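Have a look below at one chain only, the form predicted on its own, in structure tokens format.
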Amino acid sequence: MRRYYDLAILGGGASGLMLAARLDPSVSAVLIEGNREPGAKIAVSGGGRCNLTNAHIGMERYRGDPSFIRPVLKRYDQQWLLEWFRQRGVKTRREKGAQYFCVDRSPAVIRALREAASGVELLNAFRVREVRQEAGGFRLVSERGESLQARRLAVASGGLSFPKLGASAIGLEIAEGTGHRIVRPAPALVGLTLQPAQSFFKSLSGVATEVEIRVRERRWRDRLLFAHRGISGPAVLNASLWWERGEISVDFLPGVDLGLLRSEKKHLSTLLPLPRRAAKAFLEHLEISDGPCRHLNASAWERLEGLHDYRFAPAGTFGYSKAEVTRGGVSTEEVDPRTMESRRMPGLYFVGEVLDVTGELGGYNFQWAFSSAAVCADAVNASMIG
């Protein structure tokens, strides 16, 4: 290990690896990873299939300042990303309408990034305890007391989700210690826990159904999964990015006209477009006797219509251990989107999830990680060899 570098990259996830991969060979750099190997979160993403990006990258899919996010994603968009990986032998497949997955699963993505970053020294199992600003740059000190110096530092340490994979607050601590404002972090793309009034949901653990969830003016139509701790599934995870407190609304019968069932002779539980267990549980919850639809009274139909707008306030979330990402982070007001460099401290950069930019499910967070890293690499290259 050298003791002095042009650039130290803190974090060997998606953004850190892409930044290392795009550096000019003349830039002496070290990629610092607290785990034994980089790319741990890439390896498990999408069930190991790695949803790299999306065909439709729009600001409505991101929580953060559009004036900061837009120029970064416009400069390095999904076409650039797909071509970058294609040139390195990574095959992708478009699925679920607009999502791009890696055909050969996550190891192919990690391998392509590591090969492209082979000119950057990799320092594994180096968990940073402290970062000090010194004359000529930054000193990074590990938990074992080892240290190194770098003229520039790029913080690509990610968020607080997946603590078992080595997630830590070091990036936020560095930002806060250098005077940057932190937008309060919280688990996101995560399941929601329940109040006692919805405790009957837990009896449906393992059951999934299509719903439309609304959080204020936003809505998602996708699958909801009942779990023993609450509710999960794609619709819920997306809603969790925007929910903070108060009520959400769930349409458990999206697109269904209940009026068409009123004259039916069959039992209601057999005609409701819900899994049978869920249909019976909701009927019991609404105090509606299961019987021939034509025998139900007006009050029962009125209560049943409530399933189109079932409102309740979640108790909280499943927490960071189950969250796919962290929302919040380093305020983008204090970072230049043209370079990812701090406006407060020259030579300090922030990329990826550590910033207050969070996307919904569907490849949006990987796209942000890779795009912001590419912008940062351009700036570092220009400053060192320009």
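Computed from a prediction, not measured in an experiment: that's the story for all the values here. For every residue, the number given is its place in the sequence shown, counted from 1.
Heads up, the form predicted in complex with a small molecule isn't pictured, but that's what we're talking about next.
Interface residue among 325, 57, 29, 69, judged by heavy atoms within 4.5 Å of the small molecule in the predicted bound form: 325.
A heavy atom within 4.5 Å of the small molecule in the predicted bound form is found for one listed residue only; from 310, 242, 80, 162, this is 162. Within this chain, residue 51 lines the site of the small molecule in the predicted bound form, having a heavy atom no more than 4.5 Å away. At the 4.5 Å threshold, heavy atoms of residue 156 reach the small molecule in the predicted bound form. Of the heavy atoms in residue 227, none are within 4.5 Å of the small molecule in the predicted bound form.
The shortest heavy atom separation between residue 127 and the small molecule in the predicted bound form is within 4.5 Å.
Contact annotation: the small molecule lies within 4.5 Å of heavy atoms from the stretch 168 to 176 in the predicted bound form, the single such stretch among 204 to 212, 251 to 259, 168 to 176, 279 to 287.
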